[in-house]
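One chain comes next, on its own, written as structure tokens: the form predicted alone.
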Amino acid sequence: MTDPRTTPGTAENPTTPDPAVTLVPSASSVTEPATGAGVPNEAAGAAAGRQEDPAARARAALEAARRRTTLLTDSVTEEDLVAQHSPLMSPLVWDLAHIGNQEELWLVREAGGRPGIRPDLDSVYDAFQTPRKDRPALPLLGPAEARAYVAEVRAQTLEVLAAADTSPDHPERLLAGGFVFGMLAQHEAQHDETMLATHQLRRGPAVLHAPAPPPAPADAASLPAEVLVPGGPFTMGTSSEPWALDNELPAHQVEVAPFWLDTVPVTNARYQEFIAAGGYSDPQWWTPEGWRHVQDAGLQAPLFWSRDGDAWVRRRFGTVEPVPADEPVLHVCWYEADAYARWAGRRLPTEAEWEKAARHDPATGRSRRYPWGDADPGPEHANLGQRHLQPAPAGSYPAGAAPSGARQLIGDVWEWTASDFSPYPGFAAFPYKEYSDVFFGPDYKVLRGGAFGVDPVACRGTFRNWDYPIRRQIFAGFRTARDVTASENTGSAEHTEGAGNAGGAA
């Protein structure tokens, strides 16, 4: 989950807060029973998350997130920290102290049973109470105060963690396997992604620097345009991933018809063809709501793109540069992704199709934790963790390919799907209703896969993100799909469960 959720309207004038990232303990949060029953062919590799000591894993995740938080907030001036760079986003200093406040609520008070450090801050940093556009008017901690506060909270958090029983079989679900510590590590990592989006919206010289991703592998140019994902049932979601959030639960069987999926995300070069063909001026490619938004917002290209003569350039973290043709397109809203797919004679994949392509292994019949298997992400698998501040070229990371043959399903760009955000069968809110439950419905579209700004702790094959279909400041792109035709499907055993990936272009 990224942190850009506000009320629909104009992208520049959000009117409601972003409650999905405010974590509010409830009196029953440590005793709620487990959600859902396991499914026989769910990824046995979820146990990989339990093999190391949960407390050590939690501490490493918390410390990794804090290093990134520190970099994102120390790299700008105090004036930049307190400024609001867009009404879509909070001041960076609000995010910083909000991270500390949520950690205090859940890890110091709830898990540790300790008295509050600064209970007077709870209402100031409750995202339910104040929309982003109004947060500069709150009595916010200044930069020095905020840094001191989060440091004090972290010191107590580590004391609580050192004394906590985080065994996987702990009777209190909030503590079992260190879940609450993992939840807060994910929360901070999600705000790190949000703060990275604020950096992108910020005007001024570049202050963030990272090496470019590796060049595309030698076989990238010869990859098939699309891969075949076989039909049949697969296990969606999880009941065993120790730090999975409530909307990922429980594991359940889903039947998916065979379909074709783009091998790689849609690139800037392909998207420029849509622009050149008049895609933004032809209502036939847009839903009625999308066409109204194009006209109201004056959309003509992805966010941060502009013309330089006959060429397209983009602004990326303070630097203006040519748009790289071979990178996945970035900063497009759901309406743009859907319109491109229609123009191309295709469609966006459903969420279930995306997850089957990413996780299902036809050879074994089970669902993996990640496209490449059960091992945690490494630099050879995916572009994650703000290691590079842009997507890698299309076709990168062959070691991270899914059994379907699709590449870059994890990392690089969040991928819009056709699906509304809805609960899985057997869903139960945990540890509080407002994390997911209040967002279910047709207002939000699901994104999957994670982006270069996402930390690995907050990204896995079952992780679900969601946002309004107008949102463009998030690090989102897409890939397209199509149905298997009758002529392709007739008498073709390779389109059925267990036959594997055809791997050919249509």
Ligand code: AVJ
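The first residue of the shown sequence is 1; numbering continues from there. Note that this is a predicted model, so its numbers are computed, not measured.
Another form exists, predicted in complex with N,N,N-trimethyl-histidine (AVJ); not displayed. Remarks below refer to it.
Colleague: Choose from 459 to 467, 65 to 73, 476 to 484, 52 to 60 the stretch whose residues reach within 4.5 Å of N,N,N-trimethyl-histidine (AVJ) in the predicted complex, heavy atoms counted.
Modeller: Result for this chain: 459 to 467.
Colleague: Consider the chain as shown here, without its partner, and state which of His360, Arg407, Arg132, Arg369 has a heavy atom within 4.5 Å of N,N,N-trimethyl-histidine (AVJ) in the predicted complex.
Modeller: The residue from His360, Arg407, Arg132, Arg369 that makes the contact is Arg132.
Colleague: Of His381, Arg154, His187, Arg202, which residue is found within 4.5 angstroms of N,N,N-trimethyl-histidine (AVJ) in the predicted complex when only non-hydrogen atoms are counted?
Modeller: Going through each option in turn, the one that passes is His187.
Colleague: Answer yes if any heavy atom of Phe179 is within 4.5 Å of a heavy atom of N,N,N-trimethyl-histidine (AVJ) in the predicted complex; otherwise answer no.
Modeller: Phe179: no, not in contact with N,N,N-trimethyl-histidine (AVJ) in the predicted complex.
Colleague: With the partner left out here, check for me: in the predicted complex, does some heavy atom of Tyr340 sit within 4.5 Å of N,N,N-trimethyl-histidine (AVJ)?
Modeller: Looking in the predicted complex, residue contacts with N,N,N-trimethyl-histidine (AVJ) do not include Tyr340, since no heavy atom lies within 4.5 Å.
Colleague: For His98, is any heavy atom within 4.5 Å of N,N,N-trimethyl-histidine (AVJ) in the predicted complex, or not?
Modeller: Judged by the heavy-atom cut-off of 4.5 Å, His98 is in contact with N,N,N-trimethyl-histidine (AVJ) in the predicted complex.
Colleague: Looking in the predicted complex, any heavy atom of Lys356 within 4.5 Å of N,N,N-trimethyl-histidine (AVJ)?
Modeller: No, Lys356 is distant from the partner.
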